[in-house]
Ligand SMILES: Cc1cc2nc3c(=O)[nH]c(=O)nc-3n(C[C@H](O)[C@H](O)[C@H](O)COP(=O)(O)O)c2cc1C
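In structure tokens, the next block holds one chain alone, the form predicted on its own.
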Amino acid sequence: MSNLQTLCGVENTIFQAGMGGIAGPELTAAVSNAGGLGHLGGIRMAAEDIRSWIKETRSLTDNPFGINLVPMGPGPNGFEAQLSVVLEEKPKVLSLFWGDFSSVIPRAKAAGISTMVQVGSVKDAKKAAQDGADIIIAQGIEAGGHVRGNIGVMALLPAIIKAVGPVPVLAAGGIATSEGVKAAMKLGAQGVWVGTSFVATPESLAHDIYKQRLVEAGTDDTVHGHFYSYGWPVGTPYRVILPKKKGIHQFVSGGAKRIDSPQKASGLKVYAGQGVGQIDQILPAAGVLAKLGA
């Protein structure tokens, strides 16, 4: 068993990204039950709602899972309140994105929680490793949603592995097939971090229209933009699929949720990575893991 597997308590090194508003208890538990590492998306959530989600996930799986927190979207109670709940509830893993985590990582590790930090540059990877992160996620510009750097994952991954070794590194961005997983592992990744493929599952909280848009999209259909995405400062970079029909939502990027109106789900610029062209059907989470080579 690799160091990564020991840290996370799983045999399968295909990890589901913690997508805010999309990755809830049902998806997280389904991935973990199938042998991967599921991740709750905690961005913008109230602290007690995070606690409820962790408890609900535990009722659905006995296997390890994680939660993703992003200080940029701290929720109504603030990031510290979110973090305090996580430290109390002690999921197996805490993944972090877009922030300085020098004071967060030691607290999580003291609580017995493995820590992962997603980065988009070698500089940020070195910083995360120096701060004590157990695992680094190398996010290439191919990734869907918010993108930290501007380098492709196949160039970024080996550079980060060289810079932070022996800290385990996951590859993220445009990975949607078993061939993509094998390529990342051949470059030295100990696992992969996958988002878009898990949006297109029955267990995700994504709107059915969002899922269908992913199935219908081709590799050329994603756009790297810098305008407005819900809850983030204007100009924060992201990768999305543009809507076919123009409307009141066309200037906003996000992940259309089950609770959203059909008009909104059709009109948003929805998050998707460059691997979206490899998604041709709605598969259960276990089916996605099998497709990726579980």
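Because the structure is predicted, anything quoted here is derived from the model rather than measured. Numbers follow the displayed sequence, beginning with 1.
If you look for the form predicted together with this ligand, you will not find it shown, but the lines that follow are about it.
Query raised in the report: If we take heavy atoms and a 4.5 Å cut-off, which stretch out of 257-265, 62-70, 28-36, 47-55 is in contact with this ligand in the predicted bound form?
Result: Of the options, only 62-70 has residues within 4.5 Å of the partner.
Query raised in the report: Looking in the predicted bound form, any heavy atom of A285 within 4.5 Å of this ligand?
Result: The answer is no: A285 has no heavy atom within 4.5 Å of this ligand.
Query raised in the report: Does this ligand come within 4.5 Å of any heavy atom of M19 in the predicted bound form?
Result: Although this ligand is absent here, M19 would touch it in the predicted bound form, with heavy atoms inside 4.5 Å.
**Report entry** Any non-hydrogen atom of V194 within 4.5 angstroms of this ligand in the predicted bound form
**Finding:** Heavy-atom contact with this ligand at 4.5 Å: present for V194.
Report task. Would you check, heavy atoms only and a 4.5 Å threshold, whether L94 touches this ligand in the predicted bound form? Result -> No, L94 is distant from the partner.
**Report entry** Contacting member of T115, Q82, Q118, S204, with respect to this ligand in the predicted bound form [4.5 Å, heavy atom]
**Finding:** Exactly one listed residue reaches within 4.5 Å, namely Q118.
Query raised in the report: Taking heavy atoms and a 4.5 Å limit, what residues of 172-202 are near this ligand in the predicted bound form?
Result: Result: A172, G173, G174, I175, W193, V194, G195, T196, V199.
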